[in-house]
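Two forms of a single protein chain come next, each set out by itself as structure tokens; they are called structure 1 and structure 2.
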Structure 1
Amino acid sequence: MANIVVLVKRVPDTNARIVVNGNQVDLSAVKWVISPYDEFAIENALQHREAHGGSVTALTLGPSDADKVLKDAKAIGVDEIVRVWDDSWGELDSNGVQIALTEAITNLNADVVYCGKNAADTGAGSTGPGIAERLGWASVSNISDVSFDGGVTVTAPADGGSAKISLPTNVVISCDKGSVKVRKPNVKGIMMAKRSQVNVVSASAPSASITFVSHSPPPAKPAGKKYEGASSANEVAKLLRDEANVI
């Protein structure tokens, strides 16, 4: 029986247009979703439960507007939903986020933690390995497949190819897309999620040593050259050599 925790994060839909207003992004109009890789983490966590028994707790860090993604996870099939937050926190850097989540994971008596390989907003991918270090656990990142015959074995990228790696019990597994098909919530799951309660817990977090300065739009690329017709491939090949100097 495994006590499985899966980390989920609320992020803007990847289709959302991101507008920078002044020196900060304006996210007031975006649709919010579970970060795409977290969906693979949830699926792998559920399969872990089905293979070895136990329960799955989805854990997020954020204010109450993050409850929605926990309920979405509940609708997909997790057992418990927990949100860690403290109104007294100021800005959190990677240290703060990891310390707070690690405290929550420890209090949940987790045996194994799944997460996405990165969150679609920051793209950083620091949280999984950072938490593993603080828990004193092993970790493996960017896994594409997992099998539960015997213990837990994953496929992860390795120098020159990929590797099949068998894992100890206490481990943080950060998930890439891979071949797993994620299940969708059914009507019963959605009804159950509606009635479910988010368990809000507190944790301590240190103040940030990395602080936000500004957002800006991505650097504009000068307009490119556009040609009609296949024969322009000759011209483009020349430009790649003589103008771009990339071949």
Structure 2
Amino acid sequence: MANIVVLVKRVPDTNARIVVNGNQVDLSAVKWVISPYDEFAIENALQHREAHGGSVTALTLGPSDADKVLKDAKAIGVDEIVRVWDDSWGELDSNGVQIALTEAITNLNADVVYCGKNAADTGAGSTGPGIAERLGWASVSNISDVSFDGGVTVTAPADGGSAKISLPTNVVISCDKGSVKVRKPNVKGIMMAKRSQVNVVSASAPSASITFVSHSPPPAKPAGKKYEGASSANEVAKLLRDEANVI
């Protein structure tokens, strides 16, 4: 019976319009959600519990605003929800985040950790492998399918195709979309989640070694060009070859 931890992160809705105001990203009007790949991690963790028993703890790092994504995970079916935070922290870089989460995972006596392959806001993909390195555990990334017959076997990208890998107990599994269908919360789950208590824990984290100076939007795309008729074919082919580099 495994003690399973699944990492969830609070990120801006991927459909939200991001605005830069005063050299900083303005997120005041943005809806916050569970990072999409973390939803696949939650589903795989729940299937792991259903196959082999045990419990699933959703873990996040952040201030109290992050409680909502934990309760969303609770509504889907996790057993416990834990948030690691210390009010003395400022902005943490990826190194600090991984160190703090590793300490929390160790204190939770986890046997296996699931997480999304990357977060929708940063896209770095470093959290899973970084935590595995600090734990001294195995790590497998971008898995698309998981089988629990007689253990844990995952499908992951490999040169020229994919590979099926049998995993040990102590492993960090970073999840891609794959074929898994993420379950939706039912009314009972939503009501239980509203009443659930978030367990807040502290951890150690170094000061950030990277500081964001300013944000700026990407340059505006140039206006498109429109061509009509067969007489434009040579010109279009030339532009596709010399400017767009697609042929």
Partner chain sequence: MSESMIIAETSKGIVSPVTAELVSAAIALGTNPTVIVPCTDSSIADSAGYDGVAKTIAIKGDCFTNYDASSWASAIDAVMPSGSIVVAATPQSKDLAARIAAKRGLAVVQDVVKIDGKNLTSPVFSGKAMQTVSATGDFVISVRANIFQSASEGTANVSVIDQSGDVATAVQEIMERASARLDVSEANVIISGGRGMGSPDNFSHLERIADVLGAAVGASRAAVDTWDEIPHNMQVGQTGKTVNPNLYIAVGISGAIQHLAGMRSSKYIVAINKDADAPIFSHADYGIVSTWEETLPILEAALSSMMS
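Just so it is clear, the model here is predicted, and its values are computed rather than measured. Every residue number counts along structure 1's sequence, beginning with 1. The term rigid core refers to the most C-alpha atoms you can superpose between the two forms while keeping them within 1.5 Å.
**Structure number of the form predicted on its own** = Comparing the pair, one sees that structure 2 is the form predicted on its own and the remaining one is not.
**Request:** Note yes or no: does the Cα of residue 235 move by 2 Å or more between structure 1 and structure 2 after the core is superposed?
**Result:** It does, since the residue 235 C-alpha is displaced 2 Å or more between structure 1 and structure 2 after the core fit.
**Prompt:** Is residue 17 among the residues whose Cα moves by 2 Å or more between structure 1 and structure 2 after superposition of the rigid core?
**Reply:** No: residue 17 shifts by under 2 Å between structure 1 and structure 2.
**Request:** Please state the CA displacement of residue 226 between structure 1 and structure 2 in angstrom, with both forms fitted on the core.
**Result:** With the rigid core fitted, the alpha carbon of residue 226 is displaced 2.9 Å between structure 1 and structure 2.
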